[in-house]
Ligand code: 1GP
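In the block that follows, a single chain appears as structure tokens, in the form predicted alone.
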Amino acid sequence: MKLLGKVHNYIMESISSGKKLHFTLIDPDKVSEPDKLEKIAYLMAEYGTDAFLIGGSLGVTPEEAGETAKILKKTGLPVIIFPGNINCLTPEADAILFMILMNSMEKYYLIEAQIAASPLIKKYRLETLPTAYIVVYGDTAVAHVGRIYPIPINKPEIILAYALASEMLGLKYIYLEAGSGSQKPVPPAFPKIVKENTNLIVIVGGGIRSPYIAYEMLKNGADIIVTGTIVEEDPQKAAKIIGAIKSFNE
């Protein structure tokens, strides 16, 4: 097990130099053909994605997660587990977002899953990226499974309170999530208030379906943009989103 090792340094060096990053989220349960997955992986790498996240589905087995990680690592980019549960854990990945679902009503997602996962993470020697995970809207699958308190969109100060608590607990990342397939992204005021008042690395995902939305999130403090559904549905549109992120860096 490595706390804040090579993957964290890779992310920090990029952000410290003023770059914004793009992560491609791959759900192993939705990409059942290895050849198709490999093609998507190399395509996203060619477009300029900076890392891969794997996970996000209830139906993923450790074997599927492992095979997915092996294929993605062929690109040479970091592969990070984005765990929906401990079934996503695999020693084939480089790192894991070691997350607390901060606005969950379920004790399991606040501490029990982390306790159950920690011996496996140590055994697999995965680098851990301590992450506060906040699901904003209540009408998505992740909100239902995680039993979350939705965040009022006109109350960015609530997000800030979660972010401050996360930083005081020693977490390094905050992931603001609209939800997979969401029709609306998180309000731009949310990453903005977090970035202005903490030193957390701000990740934003869900509902980012156009270059304009990605650009707005970056302009308002996001360090990392995550896209998943759009990669599956329309890789060319994903390429344009990555292009917007790269142009922001220029």
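Start at 1 and count along the sequence shown; that's the residue number. Computed from a prediction, not measured in an experiment: that's the story for all the values here.
Although not depicted, the form predicted together with ligand 1GP is the subject of the following passage.
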In the model of the complex, does residue 175 come within 4.5 Å of ligand 1GP, counting heavy atoms only?
yes
Does any part of residue 221 reach within 4.5 Å of ligand 1GP in the model of the complex? Heavy atoms only, please.
no
Hey, in the model of the complex, does residue 207 get a heavy atom within 4.5 angstroms of ligand 1GP?
yes
Using a 4.5 angstroms cut-off on non-hydrogen atoms, would residue 49 count as touching ligand 1GP in the model of the complex?
no
Counting non-hydrogen atoms within 4.5 angstroms of ligand 1GP in the model of the complex, say which of 83, 179, 78, 146 makes the cut.
179
So which of 39-47, 193-201, 63-71, 180-188 is the stretch with heavy atoms within 4.5 Å of ligand 1GP in the model of the complex?
180-188
Heavy atom contacts to ligand 1GP in the model of the complex at 4.5 Å, residues of 217-242 in sequence order:
226, 227, 228, 229
